[in-house]
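Let's start with one chain on its own, the form predicted on its own, as structure tokens.
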């Protein structure tokens, strides 16, 4: 059964899973998405997993986001830090409310960027993360104990939004903090395709 509610000011969907052995997924949409955007992807790549999917609270025009930006690829880092803490507290609330272990984040674009920020700023919150079309969230990242946490980064070689160097630097930063990072660069743009879905499903089956 799907429940759409407002908790800690986050509109969200929670779908309980049928496979308790699978880690729950924290689904984090891209700019202009909502709490239902990644549900079908979650079902496809992690069948039987519980799905927790909040809607970003920031509006850029009519488009929902998880934090503010000053321009394309230029983040309002003060707002990002504040929104990262808000999202972390929501996840803790949801874990208690729904009886969940720490989730694996599955984020796309803006959602992937705040998932990366969660790893660096609140490393206790996530069991791991799959970051689709992510870039470096912080100019000066905090040190974080990510020892052994699995992270998948899927980048597009022809992505007009995420610079190649930024995705590579993010992979390096997370690895420097102890995460077990797998970074794959696909012959793709910013959108997702079947190659992303296949790699994501295989990675989640192992974690």
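Predicted model only: the values in this text are computed from it and were never measured. Numbering follows the first chain given and starts at 1.
If you look for the form predicted together with a small molecule, you will not find it shown, but the lines that follow are about it.
- Not displayed here, the small molecule is approached by residue 69 to within 4.5 Å at the level of heavy atoms in the model of the complex.
- Of the heavy atoms in residue 126, none are within 4.5 Å of the small molecule in the model of the complex.
- The closest heavy atom approach of residue 161 to the small molecule in the model of the complex falls within 4.5 Å.
- The small molecule in the model of the complex is approached by residue 135, whose closest heavy atom lies within 4.5 angstroms of it.
- Across the options 140-148, 43-51, 173-181, 60-68, residues that bring heavy atoms within 4.5 Å of the small molecule in the model of the complex belong to 60-68.
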